[in-house]
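To begin, one chain is listed below as structure tokens, in the form predicted on its own.
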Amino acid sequence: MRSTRILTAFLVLALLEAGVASAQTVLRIGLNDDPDALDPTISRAYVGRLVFAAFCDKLFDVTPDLKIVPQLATGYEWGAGGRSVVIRLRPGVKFHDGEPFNAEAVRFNIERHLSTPGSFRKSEIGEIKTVDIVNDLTVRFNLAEPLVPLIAALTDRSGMMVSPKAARELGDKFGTRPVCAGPFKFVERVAQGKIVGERFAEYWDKANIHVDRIEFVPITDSTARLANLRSGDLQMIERVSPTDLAQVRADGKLKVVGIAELGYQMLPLNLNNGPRGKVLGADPRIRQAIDLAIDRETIIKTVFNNEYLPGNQFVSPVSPFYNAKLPVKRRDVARARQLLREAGHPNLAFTLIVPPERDRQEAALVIQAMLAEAGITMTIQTQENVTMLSAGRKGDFEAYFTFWSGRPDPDGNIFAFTTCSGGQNDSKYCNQDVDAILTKARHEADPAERKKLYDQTTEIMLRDLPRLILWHRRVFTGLNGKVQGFTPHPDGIIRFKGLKLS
């Protein structure tokens, strides 16, 4: 009899545990590819930003209409001449390991961004000379030169705060077990499988987080990603392909939301990054010929159902910083052939590295056919996105097909890619005049004067063409109808505040 009661008690306990498990709200998001290291200092892949939004809060964030708002900070004031900025911090914030977020933690993070080998953040905030602790919840950044885009830079990975204790303990392994101060606490990462987080009970804004568990699932095949959304295995997918929009819109259980992105699609070309830069870096007329052989409008119509916007600059044609005097040129195959002859490369051949993602693969095939009409042989080589970006940094490429998701300040769309020592200048393009113009734009607070400087930069960029900017997307997010409270942002990043599963 006693054994029966014990068995019954165990069954009741099991049912109660099952009930708790079933009540847990799990949000599964399909990613286009697998992120690189989950360390804000050395991360480069766009999908990493999507994952960081769950784990790592920033000092500031941006609204859907691109206003900068406090997140871990509560406000800021510039000092005289723009040579310093005082930032006030939110009280009562804890990192996932229980350590307090305070001024000392901010100083640690900024110094880590500036000193870590391989840091991609140094070119974003490198003008920070020292960080003073004013008090436990106030810091002062002292700048070597004025840096107008600084606060905008702190809305992304440069402003993400990690636990100093965890960073010291884990060292260069921090990216395998990130410890931050975001709404979700990192649980595990299964290679090529999923990245899992659970709601952080002591999150400073926990009243606005309504999901218990989050899983990011990399699925590079867009057809499979959509199939998982339609089956209910995923509740959200990022970057829905324009060719899949009709299926999503026709499914009563799904919805899709689109917004114009801040960034652009591009082909970085190797000009001087090791021996593989000899061909495309030999003469700007070679790169001008490639550019003239590409018909952007035709690609957008045939591959992307006319959902995107042709472009040739580091900002979209709808941006106030766009140089309207230099619009996208019409395709001119005859002129492309002439430029190649003049440059001594009438039978140009090069390799373009492309990730396995369907949209870029299909666009690359169309570009390949267009270049062939100008006498250019472009071989397509497929590599996983993170591998491709690594090859870019090492100089193991002639050209590759990537994108930049964009930043609220135009500096974030060009400085790191274009200046001689820019952290993402894989082309190894170097023009001292451009460096001087872009540095001056960082010091200039007047938008009209900054516009003149960026116009000058665009003129040089369209002559030298270290990278070919092709188009600007609308970023589409696919949702299960049960997902409520989603607000799209121009950077394409999913915010979890107010997000619910009904």
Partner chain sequence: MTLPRYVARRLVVLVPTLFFVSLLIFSLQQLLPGDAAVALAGEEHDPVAVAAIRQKYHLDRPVPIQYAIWMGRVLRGDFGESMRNKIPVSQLLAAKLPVTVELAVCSMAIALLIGIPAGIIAAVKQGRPVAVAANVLALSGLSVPHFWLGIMLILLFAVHLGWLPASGYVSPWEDLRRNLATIALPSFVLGTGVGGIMMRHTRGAMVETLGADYVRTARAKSVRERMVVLKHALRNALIPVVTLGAIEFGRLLSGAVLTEQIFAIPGFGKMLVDGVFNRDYAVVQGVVLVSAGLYVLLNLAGDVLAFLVNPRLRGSA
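Positions refer to the first chain, counted from 1. All values derive from a computational prediction rather than experimental measurement.
Beyond what is shown, the protein has a form predicted in complex with the partner chain; the following relates to that form.
Colleague: Look up in the model of the complex whether residue 346 has a non-hydrogen atom within 4.5 angstroms of the partner chain, and give yes or no.
Modeller: Residue 346: no contact with the partner chain in the model of the complex.
Colleague: Although the partner isn't part of this model, could you tell me whether residue 389 comes within 4.5 Å of the partner chain in the model of the complex, counting any heavy atom of the residue?
Modeller: Answer yes; at least one heavy atom of residue 389 falls within 4.5 Å of the partner chain in the model of the complex.
Colleague: Is the gap between residue 192 and the partner chain in the model of the complex 4.5 Å or less for some heavy atom pair?
Modeller: Although the partner chain is absent here, residue 192 would touch it in the model of the complex, with heavy atoms inside 4.5 Å.
Colleague: Heavy atoms within 4.5 Å of the partner chain in the model of the complex: does residue 432 have any?
Modeller: Result no; residue 432 lies far from the partner chain in the model of the complex.
Colleague: Could you tell me which one of 120, 200, 322, 78 places a heavy atom within 4.5 Å of the partner chain in the model of the complex?
Modeller: Exactly one listed residue reaches within 4.5 Å, namely 120.
Colleague: Counting any non-hydrogen atom inside 4.5 Å, which residue from 246, 224, 369, 133 sits next to the partner chain in the model of the complex?
Modeller: That would be 224.
Colleague: Choose one stretch from 279 to 287, 371 to 379, 68 to 76, 214 to 222: the one whose residues place a heavy atom within 4.5 angstroms of the partner chain in the model of the complex.
Modeller: The contacting stretch is 214 to 222.
Colleague: Would the partner chain in the model of the complex be within 4.5 angstroms of a non-hydrogen atom of every residue among 173, 230 and 233?
Modeller: Contact check passed for all of 173, 230 and 233.
Colleague: With the partner left out here, which residues of 384 to 407 have a non-hydrogen atom within 4.5 Å of the partner chain in the model of the complex?
Modeller: Heavy-atom contacts within 4.5 Å come from 384, 386, 387, 389, 390, 393, 403, 404, 405, 407.
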